[in-house]
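Heads up, the chain below is alone and in the form predicted alone; it's given as structure tokens.
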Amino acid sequence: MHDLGDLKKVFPSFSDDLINEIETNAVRHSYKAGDIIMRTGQYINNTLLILKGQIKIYREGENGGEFLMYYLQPGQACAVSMICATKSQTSQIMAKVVEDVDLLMIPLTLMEKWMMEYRSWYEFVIFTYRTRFEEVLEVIDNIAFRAMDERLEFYLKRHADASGSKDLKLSHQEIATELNTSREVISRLLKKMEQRGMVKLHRNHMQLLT
């Protein structure tokens, strides 16, 4: 488990009393890139606090296509797990580790108790709900009102922001799956973006130039 100082750095808004509670009761887990840590239809009894790494939250279609919702970074929590845990519902999303992750699992009973006892936890939960809702609205707007070339540009910039790097280790097929289109369409659009000086394509990765 992280010590108090480390937890305070990752979650600076948490009160000292709340951090002590987390230290005492939370369970720490580590996962490798590529691990699926939450599946559609799974019952959720804990909420997740991210200490290190990155997790992709997405919906999976019947045909295997993916609908990217948002990324989880250190200092953040999964809003969907909070909602499902509170209502004892099954998950409607998938969670996949993008970069090796350390996380804390908070049991449902404690999550509800802390909402009443710790103002800093209450505010963190409300902020998490609002932030994720705004992110999902942005994704919906992007799908509903933008052409595929604009959606691709939005996707690449969002991925760069989430990873903190403009060097994107993404395959054309991976992008196509997440944008629910074909690899050929993505390859053609990326080539156009390269011609316009927006990206530099390499064999196994690409560099965002804008």
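Since the model is a prediction, treat every value here as computed from it, not as a measurement. Throughout, we count residues from 1 along the sequence that is shown.
Heads up, the form predicted in complex with a further copy of the same chain isn't pictured, but that's what we're talking about next.
Engineer: Of Val185, Ala33, Leu170, Ile143, which residue is found within 4.5 angstroms of a further copy of the same chain in the model of the complex when only non-hydrogen atoms are counted?
Structural biologist: By the 4.5 Å heavy-atom cutoff, the listed residue in contact is Ile143.
Engineer: Would you mind picking the one in Asn180, Asn45, Ser165, Gln42 that has a heavy atom within 4.5 Å of a further copy of the same chain in the model of the complex?
Structural biologist: Exactly one listed residue reaches within 4.5 Å, namely Asn180.
Engineer: Would you please decide whether Met69 lies within 4.5 angstroms of a further copy of the same chain in the model of the complex, comparing each non-hydrogen atom pair?
Structural biologist: So Met69 counts as contacting a further copy of the same chain.
Engineer: Report yes if any heavy atom of Val101 sits within 4.5 Å of a heavy atom of a further copy of the same chain in the model of the complex; otherwise report no.
Structural biologist: Heavy-atom contact with a further copy of the same chain at 4.5 Å: absent for Val101.
Engineer: Test of understanding: in the model of the complex, would Gln92 fall inside 4.5 Å of a further copy of the same chain by heavy atoms?
Structural biologist: Yes, Gln92 lies within 4.5 Å of a further copy of the same chain in the model of the complex.
Engineer: Is Met115 one of the residues lying within 4.5 Å of a further copy of the same chain in the model of the complex, judged by heavy atom distances?
Structural biologist: It does: once a further copy of the same chain is placed as it appears in the model of the complex, Met115 has a heavy atom within 4.5 Å of it.
Engineer: Considering only 132-146, what residues come within 4.5 Å of a further copy of the same chain in the model of the complex, judged by heavy atoms?
Structural biologist: Read in sequence order, the residues that approach a further copy of the same chain (within 4.5 Å, in the model of the complex) are Arg132, Phe133, Glu134, Val136, Leu137, Glu138, Val139, Ile140, Asp141, Ile143, Ala144, Phe145, Arg146.
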